[in-house]
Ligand code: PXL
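Taking the form predicted alone, here's one chain by itself in structure tokens.
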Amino acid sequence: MKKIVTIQDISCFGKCSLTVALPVISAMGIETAVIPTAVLSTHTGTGFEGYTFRDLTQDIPLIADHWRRMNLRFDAIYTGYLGSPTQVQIVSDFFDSFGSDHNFIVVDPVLGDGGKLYAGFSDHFVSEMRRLCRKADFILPNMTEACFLLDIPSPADNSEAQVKDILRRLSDLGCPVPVLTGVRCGDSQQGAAVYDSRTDSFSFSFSRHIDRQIHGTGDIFSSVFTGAVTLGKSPSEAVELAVRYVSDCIEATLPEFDEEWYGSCFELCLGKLAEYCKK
């Protein structure tokens, strides 16, 4: 049985990070180990105020030390939201200890969206995340995060040529296979693009664009992508599957859209995901 370890925070109520990654990857038939980086009472998006936060930075090395003594091995290491430069460094050390020629590393470089960094992040944090990306086999930034990683302004357009240029520059950071999410194709389609520098090949995948902001869809995409590659799918196949499943989740959420502040109704689509993985 394949095994993934994912390192990110857990929001006890709300649908993001570990509360997405664990059920999604498990539904794909993959054993999922977790290292929580923090525990929050809710997620921090619009609609939640006064949430609690417990930093677990000091626990991560202790967990890693125990796992080393147990000689644990994983088929993939997958990181999501990291809350500080110290956590980024600790995770970098974890890559050194648990990364090997027999597994791969996925970094979702959670930095911001809509052209802005998330609250509490600084240029120093971006620099540390950039270094972490160099150790990854796959990185999964959105357009905002890609521009911060590359220290470039947001592009004036979302043309195929512009997307390819950004993907090539992301691979120059040291990651052989960058994936760019939130790619638009006209006004009617949205999806993702992947560049495999090992074969100098690009692939795009799109679904119907729905003009809604639903919390946690990026975490769903990253989790499905990581699971798909773990199951032996190519990067382009993994992107295709992730785009399709995110689209399914958004469609399932629309009838319940009064709950947009809460997150996607991804649970309703887990059966579809399991069927997709059998094909």
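Rigid core here is just the name for the largest C-alpha set that superposes within 1.5 Å across the two forms. All residue numbers refer to positions in the sequence shown, first residue = 1. Everything numeric in this text was worked out from a predicted model, so none of it was measured.
Quick note: we don't show the form predicted in complex with the named molecule, though the next part is all about it.
For the residues F204, Y81, F74, F94, the 4.5 Å heavy atom test against the named molecule in the model of the complex is passed only by Y81. In summary, among the residues L40, V243, I250, A64, the only one with a non-hydrogen atom within 4.5 Å of the named molecule in the model of the complex is L40. Though the partner is left out of this view, F98 does not reach within 4.5 Å of the named molecule in the model of the complex, counting heavy atoms only.
Though the partner is left out of this view, C16 does reach within 4.5 Å of the named molecule in the model of the complex, counting heavy atoms only.
For S11, a non-hydrogen atom is located within 4.5 Å of the named molecule in the model of the complex, even though that partner is not displayed.
Contact annotation: V110 falls within 4.5 Å of the named molecule in the model of the complex, judged by heavy atom distances. Residue heavy atoms within 4.5 Å of the named molecule in the model of the complex occur in exactly one stretch of 25-33, 64-72, 214-222, 234-242, and that stretch is 214-222.
For the stretch 116-138, the set of residues having any non-hydrogen atom within 4.5 angstroms of the named molecule in the model of the complex comprises only Y118. Relative to the superposed core, G29 shifts its CA atom by less than 2 Å between this form and the one not shown.
The two forms, fitted on the rigid core, differ between this form and the one not shown by 2 Å or more at the CA of G45.
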